[in-house]
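Presented as structure tokens, the chain that follows is alone, the form predicted alone.
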Amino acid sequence: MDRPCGSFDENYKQDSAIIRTRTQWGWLIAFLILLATLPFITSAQILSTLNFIGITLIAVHGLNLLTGYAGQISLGQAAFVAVGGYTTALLNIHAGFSFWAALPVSALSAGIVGLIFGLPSLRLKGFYLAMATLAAQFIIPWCIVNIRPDITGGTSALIVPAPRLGGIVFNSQQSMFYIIMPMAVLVTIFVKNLVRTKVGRAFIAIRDNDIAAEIMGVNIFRYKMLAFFLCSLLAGIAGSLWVSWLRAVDADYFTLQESIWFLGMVVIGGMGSTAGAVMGVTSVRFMDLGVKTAANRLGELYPSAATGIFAGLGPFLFGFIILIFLIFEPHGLMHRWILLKNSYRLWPFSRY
């Protein structure tokens, strides 16, 4: 990777570091300070969007591990988020678990369910694997609604109590921000370091050529199952945070459309890139917020079209943007950012 003149490594520890220069450390510290002070300087609406971004980012990191790094496509991520969300809700309501005790149980339960639906990946690839994971998107919500609706609430929403820590009740956008954002940062650090380990290199080898990887000694069964487990485990964490943030859970929250949005964020940000997942989630969620705001304004000006054209503007633009990225920038926003950064660093001797 190109770096500023005079920046070089003296040992292996420096060579393998994620943050290499003092400038990068300075930007990171400034960003974390800004993140910590945001609840005091922004409105509740912006904080609500940031909380939603943090929750979505955790789920998309899991999907990026599975699809971007391991090359195993999944169309059922929202269903695994539902497993985590309902596990937290049921443990809180019926078993008296606190949010902090329910969170790891929710993550583990979603990971186990992901293992079950990941078994077809040993025999299926591509379109056929997508169809197999799509089955989870229909089976899991059906089970939630129809099996023991007296416990799960069926088609009705369940009210989830707010998380507590001692005498502190996390019942506002500001207080939930301090649960969601630290969790999102920790998951980002975890994923970034995981893909640099033996596990991450095995994922990439399977993605690039699973037959060659198996010949080289990579245990295909083990690493495919691990990819599905980690993907679903992070989805379970996201689901637990989601229902605790909304203070309610309903099967209608976890639709096929949400799974497609998750996959679209991976594509737009750049598959196989941790920073790309952050860029994809942030850009898509703010785009969605901007489109909804614009649609509301246009609906006030043209009431007759408010429930027609403007109501479907968000999904239309999302599909259009994915189409543009697949045609003109298949490597996502992260690839374009790398090209711009390298061009700037090599200026005025740039070859790009």
Partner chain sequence: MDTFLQFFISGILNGGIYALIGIGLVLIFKASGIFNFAVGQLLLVGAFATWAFLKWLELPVWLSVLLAMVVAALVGLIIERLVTRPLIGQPVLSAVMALLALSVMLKGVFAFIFGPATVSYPADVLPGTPVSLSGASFSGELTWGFLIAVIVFGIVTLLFYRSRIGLAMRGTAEDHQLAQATGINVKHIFAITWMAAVLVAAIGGIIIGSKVGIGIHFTPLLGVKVIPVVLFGGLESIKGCFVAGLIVGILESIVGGYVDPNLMVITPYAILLLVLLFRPYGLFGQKRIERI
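Residue numbers count along the first chain shown, from 1. None of the values given here were measured: they were computed from a predicted structure.
One more form of this protein, predicted in complex with its partner chain, exists but is not displayed; see below.
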- Item | Triplet A17, F203 and F228 all within 4.5 Å of its partner chain in the predicted bound form via a heavy atom | no
- Verify the contact flag for L326: yes if a non-hydrogen atom of it lies within 4.5 Å of a non-hydrogen atom of its partner chain in the predicted bound form, no if not. yes
- Does Q257 reach its partner chain in the predicted bound form if we count a contact as any heavy atom within 4.5 Å? yes
- Item | Close approach of G290 to its partner chain in the predicted bound form, 4.5 Å, heavy atom | no
- Message: Although the partner isn't part of this model, could you tell me whether T56 comes within 4.5 Å of its partner chain in the predicted bound form, counting any heavy atom of the residue?
- Response: no
- Query: Taking its partner chain in the predicted bound form as the reference, which of V191, A132, A157, V105 has a non-hydrogen atom within 4.5 Å?
  - Reply: A132
- Task: Identify which of N219, N146, S98, S172 has a heavy atom within 4.5 Å of its partner chain in the predicted bound form; exactly one of them does.
- Result: N146
- Looking at 191 to 199, 242 to 250, 83 to 91, 115 to 123, which one sits within 4.5 Å of its partner chain in the predicted bound form if you count heavy atoms only? 115 to 123
- Members of 58 to 74 lying within 4.5 angstroms of its partner chain, judged by heavy atom, in the predicted bound form: T67, I73
